[in-house]
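We begin with a single chain expressed as C-alpha cells, specifically the form predicted on its own.
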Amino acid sequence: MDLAGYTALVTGGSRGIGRAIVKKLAANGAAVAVNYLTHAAEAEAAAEEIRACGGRAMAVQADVGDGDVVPAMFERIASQLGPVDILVNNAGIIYLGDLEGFDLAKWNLMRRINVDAVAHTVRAAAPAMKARGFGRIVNLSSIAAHGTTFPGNTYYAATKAEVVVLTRRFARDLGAFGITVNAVAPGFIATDMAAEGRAPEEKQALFDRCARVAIAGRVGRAEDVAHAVAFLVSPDSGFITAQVLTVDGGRMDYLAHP
C-alpha cells in the first residue's frame, strides 16, 4: 500500500481512531494533514511525530461542520502539502439517548459533525480530485448504523446510517472520475472517547461486555480501523467503491427478526 506522492486529510485526526489513521497513512508514505477543532497540542504532536521521521505533515484547524470554512482548509493544505488525494472523514461525536431520552438539540449537534461535515469535505475535495482523475474517500460510519442492541445509540445510529447512504450516493456521483467512496464501520474500539466519563470498573465492565459479543473475543483497537482505511485508500483498491467495510471482530448482537 505505497502512498508516496499522495496527500491525505484526516478529519478529527488528533487522537483516537483518527490519530491511528494518520500514523498508518504516513507510515505508508502519504503526506498527511491532521485536522482538529480544539485539540491543537495533540494534532501538532501527531504532525511533528511524522516530520521527525522524515515525513510531511501539518496540523490544520477547522470546524468541518461549518461549510463556510472547509474550502479554506483545503486551500491551506494544497499550498503546503499539495491537493488532497485521500480524504478520510473521521471526525464525529456521540451523545447517548434512546426513545425516552430524545434530545433534539444533541441530535442536531451530532448530525452537524457526523453527517453535514461529510458533505462539506467531499464537496470541497471533489473538484481537484476530478481534475486529476483520482481520489480516495473513506467515511467513518459505525456498526450502530447496522442496528446493534447496544443501549443509548438510537440517534447516534441514525446519523451514522446517513453516512452510509451519503457514501453510496457520492460513490455514484464521483465514480466516473476515478474517485472511489467507501465507508468503514467500526465496532467497539478502545479509545479515550469510548471510556470517557466512566470509572475504571465501569470501563472494564463495558469492555468485557463488548468482548463477549464479538467472535474475536476482544474489543477493537484503533489500529484495526486504521489498517482497513489504509486498504481502501490504496491505489490498488480502485475497483472497490460504494462499500461498507465492517471492522467489529464479528459482533453478534445485531437487531434482527427471529
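This is a predicted model, so every value here is computed, not measured. Numbers follow the displayed sequence, beginning with 1.
The next section is about a form of this same protein that is not shown, the form predicted together with a small molecule.
Comment: 91-99 is the region of 165-173, 91-99, 75-83, 128-136 lying near the small molecule in the predicted complex, near meaning a non-hydrogen atom within 4.5 Å. The candidate site formed by A62, G65 and M193 is fully in contact with the small molecule in the predicted complex, as each residue has a non-hydrogen atom within 4.5 angstroms of it.
Contact annotation for T121: none of its heavy atoms lies within 4.5 Å of the small molecule in the predicted complex. Shown alone here, L37 lies within 4.5 Å of the small molecule in the predicted complex, counting heavy atoms only. Using a 4.5 angstroms threshold between heavy atoms, A157 stays clear of the small molecule in the predicted complex. L140 belongs to the set of residues with a heavy atom inside 4.5 Å of the small molecule in the predicted complex.
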